[in-house]
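One chain comes next, on its own, written as structure tokens: the form predicted alone.
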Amino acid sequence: MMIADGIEDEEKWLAEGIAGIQHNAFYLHRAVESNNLREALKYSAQLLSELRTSRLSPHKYYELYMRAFDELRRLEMFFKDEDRHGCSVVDLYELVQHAGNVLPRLYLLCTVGSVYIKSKEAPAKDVLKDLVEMCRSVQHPIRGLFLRSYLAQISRDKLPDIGSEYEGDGDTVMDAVDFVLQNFTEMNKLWVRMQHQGPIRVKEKLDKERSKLRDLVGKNLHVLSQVEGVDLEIYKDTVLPRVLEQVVNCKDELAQYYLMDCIIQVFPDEYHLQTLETLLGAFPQLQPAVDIKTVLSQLMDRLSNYAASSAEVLPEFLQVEAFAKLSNAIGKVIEAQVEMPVVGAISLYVSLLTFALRVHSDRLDYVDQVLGACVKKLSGSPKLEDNKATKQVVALLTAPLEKYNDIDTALTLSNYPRVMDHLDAGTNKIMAMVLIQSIMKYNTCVSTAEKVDVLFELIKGLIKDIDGTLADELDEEDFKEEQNSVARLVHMLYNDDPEEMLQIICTVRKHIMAGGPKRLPFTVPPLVFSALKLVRRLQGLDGEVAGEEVPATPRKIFQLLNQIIEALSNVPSPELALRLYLQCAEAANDCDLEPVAYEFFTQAFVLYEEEVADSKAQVTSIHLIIGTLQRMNAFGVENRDTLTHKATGYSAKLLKKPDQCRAVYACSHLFWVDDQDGIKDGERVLLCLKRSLRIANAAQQMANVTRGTGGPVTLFVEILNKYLYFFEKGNPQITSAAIQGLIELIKTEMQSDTATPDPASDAFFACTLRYIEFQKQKGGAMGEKYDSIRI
């Protein structure tokens, strides 16, 4: 309620003040129009007396001040026209000093002073010095600040600068600098004192009001930066030391933050670079609550942009040792501000790293130094749990990747993994994904075992459970995406040297084997295929070479692969392990390593017998075994017979009759391989086909018994197609009579009362008959063979 009353009172006081100004302004205008100087001075002094109030807040006082300011502009125009009031500017300057109250007197004095300088009847430096000294007599914070703001406003275009019309004899630039600095110093003192203008309970409100007035003070620094005569030497010797002295001594958080920011924003980057040591020396002396990290970050950003603007300025950075000075300053600031949160310190290091990457991109030692400093800061605290700090660490780790577009660079930084160790498990994974995405985006090849080891240490959050986080607790989709990323990464590891490539494979194996049963099905296959790729490169190089180091040989790699896949089969993931064993068997066959290929097949059959229980998985597995075995040419008669016998045996034991039938007729291809001499056993082909026909017949009868209708004739048509295949390939056991009999059997089955209509089977059979007809009409040797078949 009290606050509401206070606001109402303030509005009332402001209204009274404005009314007073308007009332006196009316008579002032009348006096000016009638060229009555005495009356004009009288009413202007009364008008300005309204600014003597101390009951208004800064915000409301500003409104009142702007009303008075508008009237002073008009009055100045009147003072300029000596013909109208008939009084010389020198006399006028004396005359206004007789005003009764000090505040109106000084406003009038500043207004006449502006005219006095323009008249050039006295040196600008003398008038300005006189005015800035006399303004000391108003020490009320708000009234004094606005008075000095008015002085700054009327004098900014009248400074005795080089090339200015008000430039006098001697070193007048220093007079201009002294005037602005003196006014700045006094304004800052008044601004700082403003915080003590009310009870402590309204301090927050006062600080907000003060903050709105900051530009009145900062305007002086802007004016200084515009003074032509302020070169690097004057800035270095006079301007910066005096401004920093005022900033440090005022001991006010709001003022220190704003003024440091102001210095950085208004003065040229070149000046900052050349006075870096002086500027940075002030930071540790600031109040602990000042947001130094933001100001320092802005300074580094400006210097970075300056460096990027032209290659010619880079030697200057090296000359002044900018990085070393910035690094040293940040260390001192962090040391001085014990209460600075971790996020503040890390954000400083992010800015320093950005500076190093942009200005000294060739200096990896600088990058590592920043990361090392970050590790030192983080080592005193437990794992990061602050989201903002975590984001800053991620920004720190991402910056080198984005700059160099090359993971190799990050892997050479000794402190990179040490920073990652301070991330929590979730963020560690995010960062690991960023690393992998960087490799994929820029198609980076990691080519040494040592670098692979460092890389997999960096992404360990993806390849094993850390900090007690189990894979089961993760979202299924996220988990799959993470593991697929690791799988893709394995294919980016490559070296032309077989020895080094084998070392890379061994290194990856060491890391991924710790991944647990849920991860291995994702990470083992790419590793196996990477090793098989190496085997293909080494094809034909076998046998041990004398010497201390045993070179990479296919046999050695196959031993490693056996161990890797064995771990996968223990997960258990038998179907995947079986597929990989068959891939290895095929590769061993191409290397002409019969015992190795036989061992892989044995492992595949063992898995099939003991682990593959699902009927659909059995069907898929047996077809994979048959298909792979058909392509084998390294086996002797005995080994091949053993394996084909096993395959045909398992085919006939599948659960469903149609699956049995298809697997058995697929086995016929094991006894007739077109591109190899010797494996053309027509009798066993016929045996397989006849056996599949019996099974198809049994399936038809079973359907008749259980459903009362026969099943579709698809199986018979499929077997007919196998007969035709081997008939064309010249198998003497497959005769046209046998094919004729099979066609008749299918037609009979289709016309049977119990037959189930099936358009797909009918179309399949019709296409097969059309093919036979086509071959007959084609003529030639094949046409003659088909000629005896009647359809």
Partner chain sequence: MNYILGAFKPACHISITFSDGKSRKQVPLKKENGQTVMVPLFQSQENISGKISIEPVSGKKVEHNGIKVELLGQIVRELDVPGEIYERKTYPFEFSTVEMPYETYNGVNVRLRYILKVTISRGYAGSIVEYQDFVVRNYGPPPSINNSIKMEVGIEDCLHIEFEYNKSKYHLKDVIIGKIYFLLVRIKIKNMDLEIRRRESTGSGANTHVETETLAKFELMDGAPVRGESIPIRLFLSPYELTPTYRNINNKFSVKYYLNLVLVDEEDRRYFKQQEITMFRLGETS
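Positions refer to the first chain, counted from 1. Not measured: the values here are computed from a predicted model.
Heads up, the form predicted together with its partner chain isn't pictured, but that's what we're talking about next.
- Shown alone here, residue 691 lies farther than 4.5 Å from its partner chain in the predicted complex, counting heavy atoms only.
- Its partner chain in the predicted complex comes within 4.5 Å of no heavy atom belonging to residue 214.
- In the predicted complex, its partner chain stays beyond 4.5 Å of every heavy atom belonging to residue 620.
- Its partner chain in the predicted complex comes within 4.5 Å of a heavy atom belonging to residue 186.
- Contact with its partner chain in the predicted complex, judged as any non-hydrogen atom within 4.5 angstroms, is confined among 586 to 594, 449 to 457, 436 to 444, 126 to 134 to 126 to 134.
- Contact with its partner chain in the predicted complex holds for all three of 52, 105 and 138, each having a heavy atom within 4.5 Å.
- The contact with its partner chain in the predicted complex, taken as any heavy atom within 4.5 Å, belongs to 94 out of 94, 237, 204, 476.
- The single contact residue among 636, 649, 163, 100, judged by any heavy atom lying within 4.5 Å of its partner chain in the predicted complex, is 100.
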